[in-house]
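The form predicted on its own is given below as one chain in structure tokens.
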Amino acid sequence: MSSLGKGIATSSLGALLQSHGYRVRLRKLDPYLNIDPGTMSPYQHGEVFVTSDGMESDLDLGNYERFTGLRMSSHDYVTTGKIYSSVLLKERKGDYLGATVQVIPHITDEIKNFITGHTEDIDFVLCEIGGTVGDIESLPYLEAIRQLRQDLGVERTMFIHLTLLPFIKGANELKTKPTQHSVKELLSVGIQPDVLLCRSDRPITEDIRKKLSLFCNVKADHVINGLDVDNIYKIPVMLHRDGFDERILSHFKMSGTSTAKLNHWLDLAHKIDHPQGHVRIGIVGKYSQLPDAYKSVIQALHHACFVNQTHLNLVLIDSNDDHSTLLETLDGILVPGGFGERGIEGKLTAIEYARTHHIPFLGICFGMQLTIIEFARHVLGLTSASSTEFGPTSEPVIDLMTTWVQNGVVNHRNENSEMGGTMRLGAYPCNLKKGSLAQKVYGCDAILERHRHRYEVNISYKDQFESQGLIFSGLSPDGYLPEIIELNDHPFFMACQFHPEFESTPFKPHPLFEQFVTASLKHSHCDHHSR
């Protein structure tokens, strides 16, 4: 079922297999009919993760990258919408030579081609199938992997079923019946799980392992306990201790190192459990009731805190509410990406508070655009300053980008263009201004960062902003698109048009987040000292 932990389990398995020296590739198959999650509400699907090559994808691909350090691409994510679109395009072109196009074999063949394609020099392909066993949407994927076992053989395929063992308080026991029924559903479509990964809030007993083994036709030592943990980065070590990676390597008759190289994961767990301080950072956004909407941002903050061996006290603030008293308690303020006019006044208030009270601030994407609007209105005196995203304005400090270049190709767009696929998506280069804080933070003169937006800061206002101390410290190579801004005479006040959170991992925090957290820590110490 949703949010049970399929993505984290897949990511952790990838990390474990890497620790044995194997090369892995991770893929997500989503059963909905959207082409991608780009036009879906964050309340429906959480954040949209963007790959370097410009694909909007499920947030699980972010977990894949953070756990394995690999770069996901458009070859690693597919939806039912994409599968059907591809098949129908081939049908229109006559590729099926007049055959009746059906779910089997045409849709299932397309799924199998996605799973097995682009896997040269790869030892393991880990495929996460979204949805729930028994849902009609997932059936084509289950049929495809059933066929794949027939095609490749048992020795080259393995089915891992993630399932829930709920604890019934009144009976004081974990219940196996839901897992039994779930496995029965799988068997009805011809799939026998090789491993059961059982999610529970407490350790499972040997009796439960034996019971599941008997009723689900799985070896007892192939029933793995996926315990709840207080931090997801402890999961690879936990699964290793329960023999997860050992069982998988044994199935494929592949050797593993006697002691998997997990020292870096153990060190990370130690830092998490032994913080030397704490910092209170607020994220001001309109989706604060759903933390998954800011999944990568939250993880990037955690990564920066790991390096500083600091506990993150995260405060999610709804920008639609009055949050003036909350802002006074924060060591750092972050305004993340987003779309639309709803909730912007609360974000503008937070930005102004951070600027005028010298609280460390980081604005991301839409957060940078609102930083420009706030500064234009309250410092430059441009009271009508706004974004054309919100409607016509006489002072469009943020405007629709109509022409841009990516990989040597000129792209054009206007207000009538379709919503999906019309944004500046994926990795774009940025040149950093010599002597700027941005250059100091990155330690280089040019960077490559991932984007997801339609509107841009209007470069024609650049001189006005810089005359008042707001420096445009990062620009596109042609000097036309502002990428980073920073404020002089402030402990830390930066905003960027791109999404740095997509590049952050627990072992290599993004430099912008690391410096933001470091500045917030200093503010915390100064604030406590003043008290």
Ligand code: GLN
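Please read these numbers as outputs of a predicted model, since none were measured by experiment. Heads up: residue numbers just count along the shown sequence, starting at 1.
The form predicted in complex with this ligand exists for this protein as well; it is not shown, and the discussion that follows is about that form.
Pick the stretch from 446-454, 207-215, 68-76, 137-145 whose residues have a heavy atom within 4.5 Å of this ligand in the predicted bound form.
Correct option: 446-454.
Spell it out for me: taking this ligand in the predicted bound form, does every residue among 338, 365 and 499 have a heavy atom no farther than 4.5 Å from it?
Yes, the whole candidate spot contacts this ligand.
Residue 389: heavy atom within 4.5 Å of this ligand in the predicted bound form?
Judged by the heavy-atom cut-off of 4.5 Å, residue 389 is in contact with this ligand in the predicted bound form.
Although the partner isn't part of this model, could you tell me whether residue 369 comes within 4.5 Å of this ligand in the predicted bound form, counting any heavy atom of the residue?
Yes.
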